[in-house]
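In the form predicted alone, a lone chain appears below as structure tokens.
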């Protein structure tokens, strides 16, 4: 008979962004427990609201299978005393022992029977530790220092195996068959079974399924002219147990503020969807998502409008005050703003960025001003607007478009999928800023390790790579820091392999030649990718691998001018002449032309000739050939069918 299992961990509200990773971790750990204990079953689903993590599994056995293990004791020649000691260790009498013949002789043995334990007992002993091991970025004590830690205080636990409660306890909270409904609308104690669990929660205004909550929000905002925001929608899904959409309004006078400020206040601070007209411009309204079933008296609507009005008034005040001091006059204030304690302040960083922008005057001007918005009241209050505010203020203060647009975009891309800056000046400024951050941090030993990356250096490096390649920007990645070089090499390899989908051996082959110029690297990768499907490519790649091995074994590290008089008529001279004939042609075009001559050379010519001069000349021929072809890629890195 197989059993279903239900686990619910009820707690105070968990931060929305921590929920999905915690569910994945819980699922993996519980499946590992089932597999290691041999009690069968598979996790069917995991789901969550802000106040609960829920796991369902099916197909669990009632108990483990009994097992028998052959235990070998001392050699039979060791005598009765050894047998008695072994029997005592096994918990039996000497006459209960058997013997087992092995390649080394005959040994005392005993077949040890292990009776399988029941699943309920196994889970009872394991679940406490498993729950407390769920990974969260931060955890807390709630029963005093030294007690259990979890992301938030645990308030109830449901643990059911079939119809039975699996008993255990965490911080004086005992597992049971009692759950809790919505904090305001539902009952504080609800008796549930595995079968009626979700139904009973829904009766108490808890929609357990994240997909169902997402669908409810999506249905209710239809026709409300909201600006589509997948990230905000996902946040609201995990902030609510019973979401209900509500439309509100704000005074049109606030539309005189830049829309970026209004949207940031609505999205980041109030978790509201902004509304757009048919032309894409903001209209004076918003959509909030309540964690309740309605607002019959309009009190929630009025409260949200009042809070938003106060926020917008603050923003307008900050905007007006900030305009009294132009960005250029704020430059010296950056000396008081720390970039990083070991590295220095933002004024020092600004001067380094200006230098990195080179001779591009607009980019240099943008670099000089790009961090000054950190001293504004607006950015101090709404930190998400850094860079954007600098661009808007620069525009309002009469800076040329290439300058203010570069400042506006210089934090881009904000993610792997995010947009890169739109202008040449913006691309250059963004790369200069990110590259300075990377060099500065690595030079003082601030290097990402494991999952720790407090200065987002991986994102900065990936942004540099994306802008240089996708933005077609020439920028020298110069550094004497070997750790930074390896770090960038890894990021570049990851980008071309995982983002651009080049095969891993193609990436390694091309990067083995060089990778400092990413536009050149991309071009060579495209050429190798294009020629790889031709019938001559892999055989010639295998030949180059053979050439490299021959040269390595012969300790040949340099070529040189051939002595044509030492070339043997036939395949050797024909290979040399064919190669000379096609000098200047693209490497990919020469592959098909040279492949037959290379094959014939290895079939007919002995490289390690007895005559030392002939042998040396042949090694030069191979080295020169390998060097010429290695301008595009190290073809010996290509994995061929013979290797597979």
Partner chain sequence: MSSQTFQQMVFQLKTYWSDRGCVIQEPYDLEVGAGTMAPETFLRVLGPKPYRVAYVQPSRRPADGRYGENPNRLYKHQQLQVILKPSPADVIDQYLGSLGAIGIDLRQHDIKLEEDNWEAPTLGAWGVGWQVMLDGLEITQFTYFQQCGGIDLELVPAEITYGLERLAAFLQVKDSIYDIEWAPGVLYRDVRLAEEQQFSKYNFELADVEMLWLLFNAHEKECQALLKRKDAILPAYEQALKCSNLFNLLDSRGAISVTERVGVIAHVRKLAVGAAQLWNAREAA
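Keep in mind that this is a model prediction, so the values were computed, not measured. Basically, rigid core = biggest C-alpha set you can superpose within 1.5 Å across the two forms. Numbering follows the first chain given and starts at 1.
Absent from the display: the form predicted in complex with its partner chain. The rest refers to it.
With the partner left out here, its partner chain still marks one of 98 to 106, 440 to 448, 267 to 275, 494 to 502 in the model of the complex; by a 4.5 Å heavy atom cut-off that stretch is 267 to 275. For the residues 550, 212, 354, 337, the 4.5 Å heavy atom test against its partner chain in the model of the complex is passed only by 337.
Just one of 175, 240, 350, 362 comes within 4.5 Å of its partner chain in the model of the complex, counting any heavy atom, and that one is 240.
Taking the partner from elsewhere, residue 138 is found to have a heavy atom lying within 4.5 Å of its partner chain in the model of the complex.
Contact check for residue 314: a heavy atom falls within 4.5 Å of its partner chain in the model of the complex.
Mapping the unseen interface onto this chain, residue 21 falls outside it, with no heavy atom inside 4.5 Å of its partner chain in the model of the complex. For residue 452, no non-hydrogen atom is located within 4.5 Å of its partner chain in the model of the complex, even though that partner is not displayed. For the stretch 299 to 335, the set of residues having any non-hydrogen atom within 4.5 angstroms of its partner chain in the model of the complex comprises 299, 300, 302, 303, 304, 306, 307, 309, 310, 314, 317, 318, 335, in sequence order. Relative to the superposed rigid core, residue 152 undergoes a CA displacement of at least 2 Å between this form and the one not shown. When the rigid core is held fixed, the Cα atom of residue 19 travels 2 angstroms or more between this form and the one not shown. For residue 225, a C-alpha deviation below 2 angstroms is recorded between this form and the one not shown after rigid-core alignment.
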